[in-house]
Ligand SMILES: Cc1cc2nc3c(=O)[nH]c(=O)nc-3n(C[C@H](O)[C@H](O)[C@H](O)COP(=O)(O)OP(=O)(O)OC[C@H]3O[C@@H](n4cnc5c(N)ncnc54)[C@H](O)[C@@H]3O)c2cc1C
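Take a look at this single chain in structure tokens; it is the form predicted alone.
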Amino acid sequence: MRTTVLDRAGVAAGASWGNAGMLNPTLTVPLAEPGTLRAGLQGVLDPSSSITVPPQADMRLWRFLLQFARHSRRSRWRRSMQIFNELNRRSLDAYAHLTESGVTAPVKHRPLISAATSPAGLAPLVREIEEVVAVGGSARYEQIGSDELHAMEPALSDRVEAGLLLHDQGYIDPPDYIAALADAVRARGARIVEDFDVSRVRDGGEAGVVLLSPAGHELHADAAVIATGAWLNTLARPYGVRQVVQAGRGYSFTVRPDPIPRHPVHLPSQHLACNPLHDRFRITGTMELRDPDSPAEPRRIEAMVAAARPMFATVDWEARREEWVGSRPCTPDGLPLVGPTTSPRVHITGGHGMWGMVLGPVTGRLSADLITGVPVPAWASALNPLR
């Protein structure tokens, strides 16, 4: 069996390029929860909010928001978190399997530093971690004071006085890692076809499926996996997928502190993730519920700079580079979509929200098992795309 990957642009051209690259299973939780809902309502009125919603939302977005609100009850969050715990405990092992299979880019393992101006700024994060543990998750963390914090990361400003050290986490350099993943895929005999934008998936019954491009190109296959991120609904809806996949656009840019931090840094009060990528430091944040093809909003980057500036002492914020916007594919209940559709030849893998890098390898394994008939755990039924 030969695998062909069709990419609408090129390897690492989308969210797999500009994301934070932080593999934090302990913090990987369902987006649908009361705090996110409150922040979204605030974001309708406040363009500097970490979550923004355009005031003239279309009907599709309103449908997503109504379903999201229904799933944002704490009881539903706990049920979804149990599924996330199953995924999270397998996530770093899935990366280890990719390394064993020939992916040469490293997965680095250092504790994540969550930093705040006071212990009170860490309290909501600690409560969330304790809730994760209460429904079967695991976490190893310790709170550290100002002296230890600044000894670990001199780039942090004097305003940062409290830290939480979260163990058993990882991080990658997304562009380098995805390029190495593509090399490993090719080395194992698969083919990657770039600049092939699939406009339709046609089920031919026992003859297989046909994938068509707007230019009239065709590719024939035994089965297809639709993994088109925030654009998933267009191709998936004819096959019974009614879950709205909404673009939650994130922004990032890079700077060069002196010295460059040695650890990933999480700023929970500012809703920012900051990751060392070799010779630069990537700042990532925001959740902008807009059309994935809309142009970037410069004020989102400006709001991120304003939030991060007080937390670091050695950054020239005007020298930032690689400003980027990309779309995270969000589902109303926060759970990914993994499995077959109304056609046994058309499968879905998507809807990971903010957690595509953390959960991509483990859900990819699930998808491969479902296609080839390998038994999967009973909890995987919660990811059914037809739910």
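Residue indices: 1-based, along the sequence shown. Just so you know, these numbers come straight off a predicted model, no measurement behind them.
The form predicted together with the ligand is left out here; the points below concern that form.
Distance criterion of 4.5 Å from any heavy atom to the ligand in the predicted bound form singles out 231 from the list 231, 281, 312, 177. At the 4.5 Å threshold, heavy atoms of residue 19 reach the ligand in the predicted bound form. The ligand is not drawn, but in the predicted bound form it has a heavy atom within 4.5 Å of residue 354. Although the partner is absent here, residue 235 is a contact residue: one of its heavy atoms lies within 4.5 angstroms of the ligand in the predicted bound form. In the predicted bound form, the ligand lies farther than 4.5 Å from every heavy atom of residue 137. At a distance of at most 4.5 angstroms from the ligand in the predicted bound form, none of the three residues 69, 332 and 334 contributes a non-hydrogen atom. Judged by heavy atoms within 4.5 Å of the ligand in the predicted bound form, the contact stretch among the candidates 143-151, 196-204, 70-78, 99-107 is 196-204.
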